[in-house]
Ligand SMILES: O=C(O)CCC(=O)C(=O)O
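One chain comes next, on its own, written as structure tokens: the form predicted on its own.
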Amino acid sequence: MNEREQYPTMGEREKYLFDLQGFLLVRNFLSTTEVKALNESLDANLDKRGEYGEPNVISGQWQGRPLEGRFSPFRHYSGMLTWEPPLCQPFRNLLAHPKLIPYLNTLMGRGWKLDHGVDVLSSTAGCEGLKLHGSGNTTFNGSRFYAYQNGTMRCGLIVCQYYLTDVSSGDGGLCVIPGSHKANFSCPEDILTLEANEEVVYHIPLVAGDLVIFNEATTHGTLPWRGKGERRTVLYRYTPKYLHYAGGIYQTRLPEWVSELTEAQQAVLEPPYIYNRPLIEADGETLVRPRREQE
């Protein structure tokens, strides 16, 4: 067995689909118990949910256009990792979820790290859409990119979006342009605002517990929310071990609350570096610290 086969990776079908589309839908990733615990934590912290702001430039300036709504695309919850126990635990459990490890190993190599803060998006009927965005392959961006060489895929920023409520066809929410992570031409502005060629934009129906993994280079956005209930999604963003994406300054000393996490979860929060970086094994708990650079 060679070195590449000594750690878990995506299956061949999933590799094909991600390479083809720039996103991957993983059905039933979370159990009903996990979904229930996450929703209960949010329900107990409704006071930490931000209010809807003013409409974005799409709705504010172009009334009657496809992405328009009555208020901004979503409200946010934040700070879930530091909520009082046990309400923080369902979110901490996702940091190095054993089922996620093969996907991150495949897309970024071993030693990946969490970037941004954990985010929860909440939408109700009337929320406007979010203009499509994503750089594709028009220029090389060292933080948002897709590359393939010698049988290996590599990405910059990756978004893992967990669904806590169902999204039916026509409800709205996340949409993508499949294959756009490899586009060599800039996307026309009227496609980004859904005013032309809407047939190339794909809306993803999902059920609670599903996971969508997409490359930040993949052109994506949000359709106006028309569902009857609340839309809830949890976003974890990961980058390769050497990359820091969000913010201009980061702390190299982890805060005290991090000591409450497992060693593997702590490793996900370490700052970007390569040599001797702890690598997470398939069980989501065991760490190895190689004495040389890993791919």
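By rigid core we mean the largest C-alpha set that fits within 1.5 Å across both forms. Since this is a predicted model, take the numbers as computed values, not measurements. Start at 1 with the first residue shown and count on from there.
What follows is about the form predicted in complex with the named molecule, which we do not show.
Contact check in the predicted bound form: L121, T222 and R237 versus the named molecule, with a cutoff of 4.5 Å between any heavy atoms. Do all three pass?
The answer is yes; L121, T222 and R237 each reach the named molecule.
Would F74 count as touching the named molecule in the predicted bound form under a 4.5 Å heavy atom rule?
The answer is yes: F74 has a heavy atom within 4.5 Å of the named molecule.
State yes or no: in the predicted bound form, is some non-hydrogen atom of S180 no more than 4.5 angstroms from a non-hydrogen atom of the named molecule?
Looking in the predicted bound form, residue contacts with the named molecule do not include S180, since no heavy atom lies within 4.5 Å.
Would you classify Y52 as touching the named molecule in the predicted bound form, given a 4.5 Å non-hydrogen atom cut-off?
Result yes; Y52 sits at the interface with the named molecule in the predicted bound form.
Taking heavy atoms and a 4.5 Å cut-off, does L211 contact the named molecule in the predicted bound form?
Heavy-atom contact with the named molecule at 4.5 Å: absent for L211.
Which of these stretches, 64-72, 34-42, 264-272, 229-237, has heavy atoms within 4.5 Å of the named molecule in the predicted bound form?
Within 4.5 Å of the partner lies stretch 229-237.
The unique member of L130, L157, L104, A96 whose heavy atoms fall within 4.5 Å of the named molecule in the predicted bound form:
Looking at the other structure, the residue within range turns out to be L130.
Can you work out which of V167, L174, M80, A217 has a heavy atom no more than 4.5 Å from the named molecule in the predicted bound form?
Exactly one listed residue reaches within 4.5 Å, namely L174.
Establish whether a shift of 2 Å or more occurs at the C-alpha of Y16 between this form and the one not shown, with the two forms superposed on the rigid core.
No, the C-alpha position differs by under 2 Å between this form and the one not shown.
By 3 Å or more, the Cα spacing of H97 and Y275 differs in the predicted bound form; is it closer or farther than in this view?
The answer is farther, because the C-alphas of H97 and Y275 separate from each other in the predicted bound form by 3 Å or more.
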